[in-house]
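One chain comes next, on its own, written out as structure tokens in the form predicted alone.
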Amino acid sequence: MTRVHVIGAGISGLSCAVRLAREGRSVTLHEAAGQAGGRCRSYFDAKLDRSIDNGNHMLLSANVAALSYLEEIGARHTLRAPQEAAYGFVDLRSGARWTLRPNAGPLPWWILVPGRRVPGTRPGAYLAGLRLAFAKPNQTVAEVLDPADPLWERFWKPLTVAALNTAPEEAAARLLWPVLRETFGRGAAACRPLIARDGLAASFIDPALALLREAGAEVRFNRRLRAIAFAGDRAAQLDFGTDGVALGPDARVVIAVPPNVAAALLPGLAAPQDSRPIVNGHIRLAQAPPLAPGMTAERPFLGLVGGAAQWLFLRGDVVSLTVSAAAELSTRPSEEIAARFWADTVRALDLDLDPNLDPAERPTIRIVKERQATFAQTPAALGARAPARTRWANLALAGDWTDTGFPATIESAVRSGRAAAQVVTEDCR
């Protein structure tokens, strides 16, 4: 029977391994770290005395591959799934609040209703998004849309940064189009926000590992692949430092690691090399706060405009904040970031507390900097995204950075894993 070695237990590696294991193939999953999940994981934080996610991830009901993966591993029920597609926002400078509410069906009549769209914006500003469909390969979002329009700061910029983790002044316009097309372009049914109810590990990681072990797959942690020996057009041996794995004629390898690691392992591989950081903050309050306007029990989040953070999520007594495309903020001291996040939290949740408390008086705050969260999704980088099939006959690629046609998100990671699994399946026929 074909043995498939999957290198990397992030979402892309897990989705590949799950698909192959469900097909009845023998799978060995190797992970350099001591746990699975990569940039999508949960852990217990002793400082907060709470289990937290390393970052905040939101799915949309349009993310068909990610939702299918959760179905495969029996975890679809672990997501909060509101019936309404709605997104609450607050402008932290003015205090203005609004809720974006797309309508059912692809005809976007919601942009004609002031109570459903962003205050102070015109319906035509939303239709300008159609220009993204005709963007040139070298154009950025800021070159296609109008940064001077009132909709820019309250919709286009937050959407770009959240989806592409790249500032709109440098983000590839062509990569934002599939996001818009698959979500707002299909109406409310494709726009419902979905959040892991009990944490990322409980939804995306632990059920996958359980399925793999039940299927007889071998999962090995603290196994960093140091090098690959090649013979002709095939990978011949995997070098893990302390030992090596010789690859027989029927063995297959899937490399599901970050682009810089993949490029170091595979000679001549074209892969995006620039990355962009994400900064997250987790604040443990004295007690769970009341939901602010724009939030519900099934939608415990807010979009933030005019502050340091861009999104705020609430789980019990822990407030989690996220800043994508955080190149400048990630260089600041954690204490400074904590102070800014605390001020954002007080204003966003309308807490009866001082937003300018001294550090000793503030609640416990944990700052997490993901310095290489995703590749920089610029026009130049799009041409460096590699396909799943490589020039080596027994080796495939996976990763949210590969050429999935979508931004580097959970959806892209799952799609890449499945594409790599498909390459293995086709080659083993």
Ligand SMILES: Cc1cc2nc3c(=O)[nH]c(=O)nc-3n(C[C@H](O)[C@H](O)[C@H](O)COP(=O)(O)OP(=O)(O)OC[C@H]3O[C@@H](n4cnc5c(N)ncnc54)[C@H](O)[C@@H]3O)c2cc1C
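Here the structure is a predicted model, which means the values were calculated and not measured. Residue indices: 1-based, along the sequence shown.
If you look for the form predicted together with the ligand, you will not find it shown, but the lines that follow are about it.
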**Prompt:** So, in the predicted bound form, is residue 4 in contact with the ligand at a 4.5 angstroms heavy atom limit?
**Reply:** no
**Request:** May I ask you to state whether residue 28 is within 4.5 Å of the ligand in the predicted bound form, using heavy atom distances?
**Result:** no
**Item:** Close approach of residue 224 to the ligand in the predicted bound form, 4.5 Å, heavy atom
**Value:** yes
**Message:** My question is simply whether residue 410 lines the interface with the ligand in the predicted bound form - judged by any non-hydrogen atom within 4.5 Å.
**Reply:** yes
**Prompt:** Using a 4.5 Å heavy atom cut-off, which stretch among 105-113, 142-150, 254-262, 345-353 contacts the ligand in the predicted bound form?
**Reply:** 254-262
**Fill in**
Residue within 4.5 Å of the ligand in the predicted bound form by heavy atom, from 58, 48, 384, 67, is 58
**Complete:** Checked 40, 365, 52, 388 for heavy atoms within 4.5 Å of the ligand in the predicted bound form; positive is 40
